Ligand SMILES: Cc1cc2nc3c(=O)[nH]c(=O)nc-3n(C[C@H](O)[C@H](O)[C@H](O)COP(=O)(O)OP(=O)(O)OC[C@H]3O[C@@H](n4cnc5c(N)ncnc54)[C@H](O)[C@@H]3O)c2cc1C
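Given next, in structure tokens, is a single chain: the form predicted alone.
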Amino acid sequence: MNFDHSATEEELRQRIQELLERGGLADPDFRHSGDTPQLRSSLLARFKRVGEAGYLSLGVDDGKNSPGLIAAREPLAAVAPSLFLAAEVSARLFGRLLSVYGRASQKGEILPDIKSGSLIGAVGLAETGMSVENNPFHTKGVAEGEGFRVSGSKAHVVNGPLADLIAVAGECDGGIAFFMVRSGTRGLSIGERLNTLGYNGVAISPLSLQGCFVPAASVIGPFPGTEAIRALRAWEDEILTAASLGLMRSAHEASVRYAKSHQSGGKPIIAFQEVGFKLAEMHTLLETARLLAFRAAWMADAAEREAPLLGRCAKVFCTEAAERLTSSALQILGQEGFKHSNPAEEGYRNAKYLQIAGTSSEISRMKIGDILLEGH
């Protein structure tokens, strides 16, 4: 087992760190539906910067995760969690879908703009809530002329109100296809942006399609079975696992800084045993989460048989550890932590999303149990 980063991954990590040190990538607070045009403009500007650094390209062409990719993701997820989530959905969900399953003509036309950050992508999967587990697709594409008429709805689409292209999953010719619908297509209706607990710099919305015509050249698939859906779910869970590490890192660092600088009884509060114990537990959680995320990424990169099992374990542990760690950070920061827009408060709100998005903690545990019952 080798957690070393490739030269390309290490160079990328350093470029991202330098970008973050120069500033200007931190999330602005766009909470309301009326902020959507400004959010898109801000997002595209920051996409361009991380795209120029190569962040939006790594791991897209082969669809593989790796410890080096996890390491490159963590600092961005720590400093700009909303930018991280939006960029990952565009590049390593939509972009990977296109790269791994799309046709050469589709890749040549769209992927360069995804990797450069000049185009925003989204993927529409779930039709009720956030999960596609055990829920058949009611979205369907019916062949018509040189394309398909697509009707259906999706409940939860990250980047939905901002995206130039949305890959909408649905049934077609007895299989699963992804219909790439362009913004402004007749029959496409983007619902109001959801007012969410966390990730306030991310635009999430439902959408509906009423007889949208999608040219055959803009369809990925159809595919028999559920392999493509399973791959998308695994990629999404990898994104959320990496997001957890970023939240934990940011909240832990803020807690250490505060504990060293804030005084009580004439000495810094880090000198109090209870605070020191909390910080020690937080550090242990963060390092354990990193190791599990790295191991799951290494197994996915090496196509090990147990990779799906470890991926689910990492998703459960890391996302739940993020809530525990950010809660402890709030306790250490006290009044400062309870104020709006600090790493602990923001991380605590964001952490809950990570547990219910993708494959939820409950379903992940069920899947882990099923895998163990089957003997891996």
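Throughout, we count residues from 1 along the sequence that is shown. Keep in mind that what you see is a predicted model, and the values were worked out from it rather than measured.
Beyond what is shown, the protein has a form predicted together with this ligand; the following relates to that form.
- Comment: 229 to 237 is the region of 171 to 179, 229 to 237, 274 to 282, 288 to 296 lying near this ligand in the predicted complex, near meaning a non-hydrogen atom within 4.5 Å.
- Of the residues G246, G201, G124, G117, just one reaches this ligand in the predicted complex with a heavy atom at 4.5 Å or closer; this is G124.
- Taking a 4.5 Å heavy atom cutoff to this ligand in the predicted complex, the contact residue among V219, V157, L83, A71 is V157.
- At least one heavy atom of G129 is located within 4.5 Å of this ligand in the predicted complex.
- Taking the partner from the other structure, this ligand in the predicted complex has no heavy atom within 4.5 Å of any heavy atom of E21.
- Taking non-hydrogen atoms only, I16 never approaches this ligand to within 4.5 angstroms in the predicted complex.
- Under a 4.5 angstroms non-hydrogen atom cutoff, this ligand in the predicted complex has E362 among its neighbouring residues.
- With contact defined as any non-hydrogen atom lying within 4.5 angstroms of this ligand in the predicted complex, the contacting residues in 349 to 369 are Y353, I356, A357, G358, S360, E362, I363, M366, given in sequence order.
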